[in-house]
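The chain below stands alone and is given in structure tokens; this is the form predicted on its own.
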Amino acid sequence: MIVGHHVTSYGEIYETVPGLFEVAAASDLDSERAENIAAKIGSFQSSKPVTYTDYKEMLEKEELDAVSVATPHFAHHQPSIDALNKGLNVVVEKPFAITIKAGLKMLQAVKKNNRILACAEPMRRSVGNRTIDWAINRAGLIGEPRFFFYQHARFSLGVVVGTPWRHQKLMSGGGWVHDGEVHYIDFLRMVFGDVAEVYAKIRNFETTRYLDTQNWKNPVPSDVEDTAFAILTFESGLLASFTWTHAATGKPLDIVRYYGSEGSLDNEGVLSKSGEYTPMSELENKFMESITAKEKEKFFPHGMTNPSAIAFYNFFDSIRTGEKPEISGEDAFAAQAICEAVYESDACGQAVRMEDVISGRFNAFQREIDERWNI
């Protein structure tokens, strides 16, 4: 599933900026999947990539500049480290790593080899989310940020994107908080800065999920959360109520709203405390008009607006220019660590400081994952 996003993004970039890169090789444990990936890439570039079923053999035989890691979560760290140790630049899928210890090993490899390590994190790069950042931090449309509510409640017994391993803690590292909400956490760091403390509770109400939800067939056991409630305290003092669940039967709930001293902002627009309302469409136009040509090219290179394509273009551009990618390994690790703090807070039954999660003081949730993969 994920590798498909990579290939689609590469195709868009290749069409937009011909000659910027060439995919030389593709590796997958399944030879048929590797061939399918290579065939799709060969449909838009001048040659079909060589295929391998062992990425280590690929690293030995091919003359590469960079590697794109689109593996299940438990296999993010080792291929990344191996590629970095070969002197290659790396872009890795989210979440950055399966545990804190795995992420720290990746960062050590970056420092040792002086290479670029980026994360294929698209959410912050959309026009809408760039607009929210601008409205809060540059235009000051809600004044001083005070708190926000992020609440998503739905009901689903389906297997997330049809991949059963995502419901196995030892392979995924956790449920949707780790797998999907890390997108939003990265966006929050861009807008509001770092989180200082997390207090959370998680639950797994539905321990069986189904690949076939039409006929309730092909059951898949799940030992990861389907519900998470958290209070995030940012270093700035900003407070956040974070709720996500797939176990909410009945009416769904969707609220994302930011409150400041002068008003509120959500995906529909800004409402000031004086009652003045500005719709999001108008805000987006004002944002695009406010940024310089240089900023526009940085945010939306060559006019691209597909967040995933922009993420990979930023990686390629970092290799070409030597500049730090917008979402470096350190940035991606910081977002992942906040997700880990949700799990560790629940496991120890108390609020946890981020420095204590990163240092390993709190690792009750992650310990068995580290042991399983010898991290």
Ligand SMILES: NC(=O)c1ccc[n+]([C@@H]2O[C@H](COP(=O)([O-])OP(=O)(O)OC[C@H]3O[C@@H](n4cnc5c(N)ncnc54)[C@H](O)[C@@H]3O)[C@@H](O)[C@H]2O)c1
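Start at 1 with the first residue shown and count on from there. Computed from a prediction, not measured in an experiment: that's the story for all the values here.
Note that the form predicted together with the named molecule isn't included here; everything after this is about it.
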| property | result |
| --- | --- |
| Touches the named molecule in the model of the complex: residue 158 (any heavy atom, 4.5 Å) | no |
| Proximity of residue 181 to the named molecule in the model of the complex, heavy atoms at 4.5 Å | no |
| Contact test in the model of the complex: residue 70 vs the named molecule, heavy atoms, 4.5 Å | yes |
| Residue contact check: residue 318 to the named molecule in the model of the complex, 4.5 Å heavy atom | no |
| Partner-proximal stretch of 200 to 208, 271 to 279, 132 to 140, 94 to 102 relative to the named molecule in the model of the complex, 4.5 angstroms, heavy atom | 94 to 102 |
| Residue (of 75, 256, 304, 170) lying close to the named molecule in the model of the complex, criterion heavy atoms within 4.5 Å | 75 |
| All of 29, 55 and 166 with a heavy atom within 4.5 Å of the named molecule in the model of the complex | yes |
